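The chain below stands alone and is given in structure tokens; this is the form predicted on its own.
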């Protein structure tokens, strides 16, 4: 076999989690979790509240130390190469973390400074990131004056300042109305198409998932299934998305479909 005949190696995933468990005392939050999020693609991590989604994100971001298994961001092990791994990572946490009294741009400049970006470059990147999420005109407004959906878009802009290759979003639409939730999902998918960024989107809302999306079902700390929505519906032998998830996890009450 010549070099030209050899198959191309599989691309390095944006996130690769293998054999990761985590416990809080006697309570096991994650049990031998293995999953990946491909580069340049949207992956939905779906599970009910308490499934372990936030714990997993805390391990990926090094808020917690993974003592079992491995977690790699663009091939960099988060324990052995934390600086290299975290430099490729942008995060939007479930709890909002913007300073309400600072302006939108000041929030972004402060975050950029934490990544070692100088004042002039921080302003340029901040305005560019705000333009990408449609909020450049609000740069000088105090965050307190924004709607909930606009604040979330600012957090996405902030997460993109250091040009990461992987974006983690932990229940990012919590508290938003249906229109704002749809707008945020569309915005994130546009960023994937334009930049080839990998996205892991954690949610308990099945109506945020589209038929072609790649899905990882997490339940009580275990990965129950991985595949497209169509594949999961076929496996569960139902055309209803909510029923498919519930049959896979063995629960009777449906995952949430809408928020207020």
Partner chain sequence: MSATTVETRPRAGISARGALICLTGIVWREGLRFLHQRGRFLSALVRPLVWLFIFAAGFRATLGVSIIPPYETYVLYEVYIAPGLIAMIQLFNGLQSSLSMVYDREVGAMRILLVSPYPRWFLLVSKLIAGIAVSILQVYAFLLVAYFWDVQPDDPIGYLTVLPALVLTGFMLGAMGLAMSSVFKQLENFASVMNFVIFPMFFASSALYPLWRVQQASIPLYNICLWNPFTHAVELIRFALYGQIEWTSLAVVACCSVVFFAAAIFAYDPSTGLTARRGGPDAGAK
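Keep in mind the model is a prediction, meaning the values are calculated, not measured. Residue numbers count along the first chain shown, from 1.
Below, we turn to the form predicted together with the partner chain, even though it does not appear here.
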{"query": "Contact label in the predicted complex: residue 97 to the partner chain, heavy atom within 4.5 Å", "finding": "yes"}
{"query": "Proximity of residue 164 to the partner chain in the predicted complex, heavy atoms at 4.5 Å", "finding": "yes"}
{"query": "Partner proximity in the predicted complex: residue 142 to the partner chain, non-hydrogen atom cutoff 4.5 Å", "finding": "yes"}
{"query": "Close approach of residue 211 to the partner chain in the predicted complex, 4.5 Å, heavy atom", "finding": "no"}
{"query": "Position in contact with the partner chain when the complex is considered in the predicted complex, options 238, 12, 18, 21, heavy atoms within 4.5 Å", "finding": "12"}
{"query": "Option touching the partner chain, based on a heavy atom within 4.5 Å in the predicted complex, out of 106, 128, 174, 150", "finding": "106"}
{"query": "Sequence-ordered list of residues in 66-87 near the partner chain in the predicted complex, where near means a heavy atom within 4.5 Å", "finding": "67, 74, 83, 86, 87"}
